[in-house]
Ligand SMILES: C[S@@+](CC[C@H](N)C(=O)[O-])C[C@H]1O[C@@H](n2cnc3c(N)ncnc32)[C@H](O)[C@@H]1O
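As a starting point, one isolated chain is supplied in structure tokens, in the form predicted on its own.
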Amino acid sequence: MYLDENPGVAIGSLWADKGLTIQGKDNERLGYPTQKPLALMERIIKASSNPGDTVLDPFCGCGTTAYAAESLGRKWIGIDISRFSTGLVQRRIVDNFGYLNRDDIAIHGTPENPAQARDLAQADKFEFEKWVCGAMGANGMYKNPGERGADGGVDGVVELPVIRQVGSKFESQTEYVIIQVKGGNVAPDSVKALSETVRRLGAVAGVMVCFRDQMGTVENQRSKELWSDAYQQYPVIQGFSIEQMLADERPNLPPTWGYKHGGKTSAPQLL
């Protein structure tokens, strides 16, 4: 059988391809219950646009449409009601396309300076927490990202690849960092509670994200314990200010944490 003699049948309106399901593709999962398979969005974009066209997703969620559009040479615009989504989409794109960095993706509708961040914290504590978690690269641990309800002391969790030496080799092991967000005063007991949450959940570290004027409380009350990867030690509990986050600084964590800066990471290579 030859292709030019048996061209097959053009795809119809019912798509039942096995490859168009996200089931089993754990590397794609980002915690959104309505997340679409990347292969599905790529097929839709290929069928309905040309390279250089602009693709709009007005309910972009975790950014699968934006990811597919970027990979296929399209421009894209994503809109979502959740401020958490903005950081998640930005991180997903930057982490997977080496020629991009954070400045290449314009974000509108989220705080751009500390004054705007304080306004958001006062107006809507929950949206403030979601915005910070998205910007910090954190996902929800016990519930879907952005879902309201008791958080068990966890506003977000960062899945962190940690390089450790095992015998004569270096291996990547997945650890977790707990994110706790405070938009107002930080009580001493809340810092101590973060230490207990880290121990209870088996995480390696906890980061208290707050405004700079509250960092003194975090520093005075935090545990001084350390944990280590194959290269250096890090604090089990640390503070990280909203001002630092807005300035694109990073917590004292291994280089495999968070965003790629300048379009690439400085993470050690496995041997």
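Residue numbers here begin at 1 and follow the sequence given. Quick caveat: nothing in here was measured; it's all calculated off a predicted structure.
Just so it is clear, the following notes concern the form predicted together with this ligand, a form of the same protein that is not shown.
The closest heavy atom approach of D80 to this ligand in the model of the complex falls within 4.5 Å.
This ligand in the model of the complex comes within 4.5 Å of a heavy atom belonging to F59. Among residues of the shown chain, Y32 is one whose heavy atoms approach this ligand to within 4.5 Å in the model of the complex.
The shortest heavy atom separation between G239 and this ligand in the model of the complex exceeds 4.5 Å.
Heavy atoms within 4.5 Å of this ligand in the model of the complex belong, among the stretches 224 to 232, 45 to 53, 59 to 67, 199 to 207, to residues of 59 to 67. Along 36 to 56, a non-hydrogen atom within 4.5 Å of this ligand in the model of the complex is carried only by K36.
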